[in-house]
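Have a look below at one chain only, the form predicted on its own, in structure tokens format.
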Amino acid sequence: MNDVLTESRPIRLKGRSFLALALTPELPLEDWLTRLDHLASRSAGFFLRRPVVLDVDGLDIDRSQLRELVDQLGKRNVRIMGIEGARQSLLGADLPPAMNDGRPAADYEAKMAEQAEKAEAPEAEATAAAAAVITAEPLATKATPSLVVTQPVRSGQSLFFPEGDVTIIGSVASGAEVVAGGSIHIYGALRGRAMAGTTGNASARIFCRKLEAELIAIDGFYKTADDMEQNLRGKSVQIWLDGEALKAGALG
């Protein structure tokens, strides 16, 4: 009887899938860090509370350089949760763990989306402690999935939909962000950040009724507010990727 009462309970283990940002540094690392500083300075809070994976696949660096790179990122408040593509000889107890088989988010996020009961994103108030994350069910599963959000995306909120296109019937506030695997359509002002084509879709586009964005990006290529064509600020525009350059043009 005592053996039954004192028997330890098993540890419960659960699987989880999380959407992380992958950073792919380039040589020389000093120049790459300078460009990273440029991005962070012109889009405040871009790396705040964001899980980051460091992808060093094909990067010709030694262990001391990798250690210095992780340290430099840490000084910039970019916390690396894992390293992908590194040789085993580069890693150690003093570095983040190795991560393998990273896949576009659409491969695993779709299972979570199937559990949602509504296609409409929930409303949440932003706080200084944590940003709200909006999830929703795709409107179609056989064709390219799409998401329609009938509420504004408020400051501090993040809307992630790596499965396909996102349409927002409203505005995206400053300090908010929309991340989509496909195109982004905003029937209001875009004052925050919009990142389209995040799963490698270079043909994705961004459309908005009024361009006042902090940052726009397609397939990893980005522009901050200071880089955008000033004559298009406040106007209805579309943004697309031409090679490695973001282009923008007025609508209507």
Partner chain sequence: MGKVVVVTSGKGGVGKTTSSAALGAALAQNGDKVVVVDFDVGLRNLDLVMGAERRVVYDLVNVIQGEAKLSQALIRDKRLETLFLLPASQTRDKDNLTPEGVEKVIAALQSAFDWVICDSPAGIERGATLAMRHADIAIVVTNPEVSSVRDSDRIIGLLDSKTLKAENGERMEKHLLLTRYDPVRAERGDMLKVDDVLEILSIPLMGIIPESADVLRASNVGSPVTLADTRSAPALAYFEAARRLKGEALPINIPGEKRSFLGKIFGRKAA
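Residue numbers count along the first chain shown, from 1. Everything quoted here is computed from the prediction, not taken from an experiment.
Omitted from view is the form predicted in complex with the partner chain, to which the following refers.
J.: Out of 60-68, 210-218, 195-203, 24-32, where are the residues with a heavy atom within 4.5 Å of the partner chain in the predicted bound form?
T.: In short, 210-218.
J.: Are any of the heavy atoms in Pro96 no more than 4.5 Å from a heavy atom of the partner chain in the predicted bound form?
T.: No.
J.: Quick one: is Arg191 in contact with the partner chain in the predicted bound form, heavy atoms, 4.5 Å cut-off?
T.: Flag for Arg191 set to yes.
J.: Is there a non-hydrogen atom of Ser155 within 4.5 angstroms of a non-hydrogen atom of the partner chain in the predicted bound form?
T.: Yes, contact at 4.5 Å.
J.: Would you check, heavy atoms only and a 4.5 Å threshold, whether Val78 touches the partner chain in the predicted bound form?
T.: So Val78 does not count as contacting the partner chain.
J.: Name the residue from Ile168, Ala173, Leu159, Leu90 that puts a heavy atom within 4.5 Å of the partner chain in the predicted bound form.
T.: When the partner chain is considered in the predicted bound form, the option within 4.5 Å is Ala173.
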